[in-house]
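For reference, the chain that follows is the form predicted on its own, supplied as C-alpha cells.
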Amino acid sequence: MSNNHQNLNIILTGFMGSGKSTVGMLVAKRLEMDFVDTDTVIEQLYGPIPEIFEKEGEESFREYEREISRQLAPKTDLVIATGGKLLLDPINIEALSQNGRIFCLSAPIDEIIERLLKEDRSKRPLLDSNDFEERIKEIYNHRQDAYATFEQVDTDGQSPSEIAIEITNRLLPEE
C-alpha cells in the first residue's frame, strides 16, 4: 500500500467532533504511516489545552499551533489530525500544504452537536458556555467558509473506518 501517496503527509481538518483523530489513526494504520495529533503534541510540550487557554490565553495556544505546524511541515509520511482552528490560520495552511494533502471532514451541525454531547467538554475551552448548542452553532457558522476551501469528506452517517477507506481510496492514482 505504501508509495502510492508519494511520501506526502495527509492532513485532516474540520470542526470539533468531525472525527479527525479517530479517522486519522485509521488512515495511518491503513497506509503504514505515523499518526500525529497536533493537540496531543501541544499538550505533551506545553501542558493541558484548557490550562493554556486559562493561563496564557488563546493567542499563546495559536502560536503553539504555528510552531507545531512549522516543525511538521518538512516531515513526510505522516497523517496529521489538526485542532479545529489550526488550518484556519494562513500561516499553518502554507506550512502544512507544501508537503501534504489536506482533507476536511465535514458533518451537519446536528451530528456534530450529538457527538460533542457524548464527550468530556472540559477538554474544549472554546465550548465553555452556558448555552452549549448555541456556542457550537456560532463557531461552526463562523468557520464554514474557511473549511469549504479544502477538499471535503462528508462523514455524515459513515463510520470512522468507512471514512478512512474513502480517504485512502482518494490517494490512489486513477487507473
Ligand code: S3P
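From a predicted model like this one, the values you see are computed outputs, not experimental measurements. All residue numbers refer to positions in the sequence shown, first residue = 1.
Omitted from view is the form predicted in complex with shikimate-3-phosphate (S3P), to which the following refers.
You can rule out all but one of 124 to 132, 105 to 113, 66 to 74, 27 to 35: in the predicted bound form, only 124 to 132 has residues with a heavy atom within 4.5 Å of shikimate-3-phosphate (S3P). Proximity of M16 to shikimate-3-phosphate (S3P) in the predicted bound form falls within the 4.5 Å heavy atom cutoff. In the predicted bound form, at least one heavy atom of G84 sits within 4.5 Å of a heavy atom of shikimate-3-phosphate (S3P). Shown alone here, I49 lies within 4.5 Å of shikimate-3-phosphate (S3P) in the predicted bound form, counting heavy atoms only. Mapping the unseen interface onto this chain, Y140 falls outside it, with no heavy atom inside 4.5 Å of shikimate-3-phosphate (S3P) in the predicted bound form. Counting a residue when any of its non-hydrogen atoms is within 4.5 Å of shikimate-3-phosphate (S3P) in the predicted bound form, the hits in 53 to 81 run F53, F61, R62, E65.
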